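Take a look at this single chain, the form predicted alone, given in structure tokens.
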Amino acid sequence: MTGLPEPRPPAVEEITAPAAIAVMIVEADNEVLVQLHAALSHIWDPQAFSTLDGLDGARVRPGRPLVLVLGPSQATEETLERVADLLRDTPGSGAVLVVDQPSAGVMRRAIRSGVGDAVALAEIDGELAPAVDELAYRLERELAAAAAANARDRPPAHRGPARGFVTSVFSPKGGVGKSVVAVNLATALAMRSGQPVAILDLDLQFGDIAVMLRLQPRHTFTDAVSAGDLLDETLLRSFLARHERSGVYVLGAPTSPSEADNVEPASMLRVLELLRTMFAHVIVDTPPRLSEVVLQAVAESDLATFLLSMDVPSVKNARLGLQAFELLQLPMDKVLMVLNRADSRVHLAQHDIEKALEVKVDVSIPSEAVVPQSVNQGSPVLVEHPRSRFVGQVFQLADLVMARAEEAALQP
């Protein structure tokens, strides 16, 4: 579209664009269309159309919210009937109607069509962005709840010849947030895919996954290992605990650190391979050490998420960890570099870390107070604080993992 003004600074600073939300403006009057676009372009990247027919070529990411902003020309009964059909057939979609002058007749038609809010044209500078933001927030929650419910209601089952995608979360240094990232990445994958997701807590001495989710599993990883040749899908399923709100399944770490001595790489790989047959995604949370069990788990993974933090010891240990990956002959295209607490003000910048390690950071996750709050609540940040910046970056990481999984599925 031509004639659109340059984006202006945000009028409402507390509004930040949720990840991958599609905002689409429909208005036949070009001058009004420009006004609507200008009222939203400082927050979102709205797509503009003169008619509803133009939406056929719109860019919409599956599973993400779609907000229609309907201009005054779209307030006809025929158009609103079409909008009602579109909203009904498109999960996660909603609409905001902009009107010249609010009237009872227009509002009745809008309500019947499922329009979520209405804004007067004269008030769009101050009212339209908050209306879109509020609707997007509600749609985000509805989609997340539906995906989590789908994951909860779908029990893990044998997947036939297809194999689940295994992602290990690794760092040679403790305290960088591996378990937090593992829990929230698993939750994001369950929400995005609607498929069953499991976490294997491989920190066999001090694993915290069950504690972080306030689970009290009756069985742990060592029960699965101890079953030996008797272990099958049915028995392993009985060892899993499920976090109800996220739909994620957990095979917890042993309750006693001494039990870690009884785990051999071969028995760990047998459990991991069986989890592959039961789940679309398996997240392996590893301890901060380069044991044989950990190295075998990383080597067996389809993808390794390598966590860094903003301090010199982390960078030093990361260099040693990357050298270990080289010994495993693990190609770097199977590694995602993730910088956690990336906005920490410690006189160290992301480009300094990239230069020191000679790698590029794929995802930078910010530090936020809601993260330890969610840990103390025993629930993922994605469930408790879905609008946080942390969540947006975890979804970005999940999207990268799902893209790799789709590529792997296409390979012979």
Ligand SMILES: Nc1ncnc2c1ncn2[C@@H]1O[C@H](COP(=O)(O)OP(=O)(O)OP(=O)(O)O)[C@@H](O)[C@H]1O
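Numbering starts at 1 and runs along the sequence shown. Computed from a predicted structure; not experimentally measured.
The same protein has a further form, the form predicted together with the ligand, not shown here; the description that follows concerns it.
- Contact here is defined as any heavy atom lying within 4.5 Å of the ligand in the predicted complex, and by that definition not a single one of R163, L240 and E300 is a contact residue.
- In the predicted complex, none of the heavy atoms of G194 sits within 4.5 Å of a heavy atom of the ligand.
- Although the partner is absent here, P386 sits far enough away that none of its heavy atoms falls within 4.5 Å of the ligand in the predicted complex.
- At the 4.5 Å threshold, heavy atoms of F395 stay clear of the ligand in the predicted complex, well away from it.
- Although the partner is absent from this view, S367 contacts the ligand in the predicted complex, with a non-hydrogen atom inside 4.5 angstroms.
- Screening G228, P102, P331, G175 for any heavy atom within 4.5 Å of the ligand in the predicted complex leaves a single hit, G175.
- Note on the partner interface in the predicted complex: the residue among M212, V115, A129, L139 having a heavy atom within 4.5 angstroms of the ligand is M212.
- Residues with any non-hydrogen atom within 4.5 angstroms of the ligand in the predicted complex fall in just one of 264 to 272, 91 to 99, 176 to 184, 73 to 81: 176 to 184.
- Contact residues in stretch 271 to 293 (any heavy atom within 4.5 Å of the ligand, taken in the predicted complex) are limited to P288.
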